[in-house]
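A single chain, nothing else alongside it, follows as structure tokens in the form predicted alone.
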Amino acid sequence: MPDLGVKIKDVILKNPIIIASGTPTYGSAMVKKCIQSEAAAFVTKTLCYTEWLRKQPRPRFHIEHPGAIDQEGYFSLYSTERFNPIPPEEYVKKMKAYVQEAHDFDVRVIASIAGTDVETWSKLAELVTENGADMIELNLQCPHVEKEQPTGMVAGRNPELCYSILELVRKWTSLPLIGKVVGEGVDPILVAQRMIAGGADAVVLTGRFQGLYLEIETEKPIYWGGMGGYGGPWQAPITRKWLVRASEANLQVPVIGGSGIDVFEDIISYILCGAKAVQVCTAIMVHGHKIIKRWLRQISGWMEAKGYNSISDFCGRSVNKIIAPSQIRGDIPYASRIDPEACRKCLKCLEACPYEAISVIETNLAIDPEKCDGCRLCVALCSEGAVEFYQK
């Protein structure tokens, strides 16, 4: 069997899958599922002293395109889930017991914290260190904070504030620190670099976006009346981009792939783009913790088929294979043709073709190779696979 182990600072993880902070890591029942899921680690629901950030709105979840979940299609989870509702001093007593049980299963516990000033960042760092956390994640990504509140996404958009927070927390703990990097409103690589300069031993690239759904009849936001976090499988290409940018920037610390994972291929692709490990939340919320065991079997099978013995064998292998925009070729003549037996005559390609290369001849659709530009739009639109793309 391939070795799936990875290392974050001096902490050994038995595989690259970390369950991200959220509903799947909160409460004793969920924690037990995390421990038994075969994930290498889980991140606690974020500890915070601010009282309103500990109160969970009801309702707080909405899924766009739920029918796509079972089809491995694109859906979006939209929510306004807040931080850990239990006061920090009370929660760490539970966390201490979680750590002991987790270690019996070779699972590491990462404490997520979110301070709002020097005192609370310091207290939280000291508190989780004293109560057995293996690592600390600084939540500088959460979108559910007020505009002037120096925590979550607000703090995360300020690279120098991120530096100061990491530098402060570093003084209060010797544990490995993970900075969770925001994905919008600022250059994530610049933020990651300042976090690392402040003392981060790893960074997560990136988290969910802030979004808004409206009900046009009432002209108001749906359900809870405000904005929410917005993410799902559609984020995977964006995350891969930032992982590549991080590799190009040579950050010198492990990078953990964030939002967008829904299938095992996503995990492999993140590692190919330079991620040392990945964090998963939304997929577990919709598929359950059991999905992790399946992913691990699939990853091992893929590695065996490719002849890889360890994660490091293929970590970052795709980065140098990405062509610069100026080097993308346009001189190779391509064209498309339609298989009349497979075509169901929906006429999508006919309506969409920018070059008017598609026409109806008798009862079938046909493409004029002289007019066809080889753009491949018709192939991309055809759900029946009836359009063949070929080199002239």
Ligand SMILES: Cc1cc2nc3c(=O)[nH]c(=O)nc-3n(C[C@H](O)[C@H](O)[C@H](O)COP(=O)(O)O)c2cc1C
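Counting begins at 1, following the sequence as shown. Since the model is a prediction, treat every value here as computed from it, not as a measurement.
Keep in mind the form predicted together with the ligand is missing from the figure; the text below concerns it.
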property: Partner-contacting position among 272, 291, 196, 281 - heavy atom within 4.5 Å of the ligand in the predicted bound form; result: 281
property: Heavy atom within 4.5 Å of the ligand in the predicted bound form - the one residue of 188, 260, 115, 228 that qualifies; result: 260
property: In the predicted bound form, segment of 156-164, 171-179, 71-79, 96-104 with a heavy atom within 4.5 Å of the ligand; result: 71-79
property: Residue 121: touches the ligand in the predicted bound form, heavy atom cutoff 4.5 angstroms; result: no
property: Residue 16, heavy atom within 4.5 angstroms of the ligand in the predicted bound form; result: no
property: 4.5 angstroms heavy atom contact with the ligand in the predicted bound form for residue 285; result: yes
property: Non-hydrogen atom contact residue 20 with the ligand in the predicted bound form at 4.5 angstroms; result: yes
property: Stretch 130-161 - residues with a heavy atom within 4.5 Å of the ligand in the predicted bound form; result: 137, 139, 141
